[in-house]
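The chain below stands alone and is given in structure tokens; this is the form predicted on its own.
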């Protein structure tokens, strides 16, 4: 399956999804002028990935799970982006339900003094009922 890479701009985050390495990241600032247009290909990609991950992990032995990590490393996101970030996280929950031999892990990165970013992750975690792991960014 093809990965997804979107170059960051001053107003939109970098998206780097590498399904071969089970490595996924959205990072930077998210305040694009047309938030829907930016996040639509991301959400569409997840539709294909869900089927791919199910097929891939179906070959694993019962009880064996493949760890799939999604890193969210935002410096800032606006309220319009928050709705789509929530959609991405919800999609990850759907993928987890559809792929029982995969363990989706959401890693929410934040700078230590930025309690607002940590709280945003905690809100997403509470609303989606998907556990997050919080990582303080190194200086």
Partner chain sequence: MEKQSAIVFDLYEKMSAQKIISAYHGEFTQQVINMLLKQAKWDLLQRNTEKITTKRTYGVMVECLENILKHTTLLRHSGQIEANIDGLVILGNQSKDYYITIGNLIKKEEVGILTERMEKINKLDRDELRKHHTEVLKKSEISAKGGAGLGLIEIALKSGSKLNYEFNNYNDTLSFFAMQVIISTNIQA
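Numbering follows the first chain given and starts at 1. It should be emphasised that the depicted structure is a prediction, and the values quoted were computed from it without experimental measurement.
A second form of this protein, the form predicted together with its partner chain, is not displayed here; the remarks below concern that form.
Q: Within 4.5 Å of its partner chain in the predicted complex - does that hold for a heavy atom of every one of 76, 82 and 124?
A: Spot residues vs its partner chain: full contact, yes.
Q: Only one of 100, 41, 93, 113 gets a heavy atom within 4.5 Å of its partner chain in the predicted complex. Which one?
A: Among 100, 41, 93, 113, a heavy atom within 4.5 Å of its partner chain in the predicted complex occurs only for 113.
Q: Which of 100-108, 64-72, 26-34, 51-59 has heavy atoms within 4.5 Å of its partner chain in the predicted complex?
A: Among the listed stretches, the partner-contacting one is 26-34.
Q: Find out whether any non-hydrogen atom of residue 18 is located within 4.5 angstroms of its partner chain in the predicted complex, and reply yes or no.
A: Outside the cut-off, so no.
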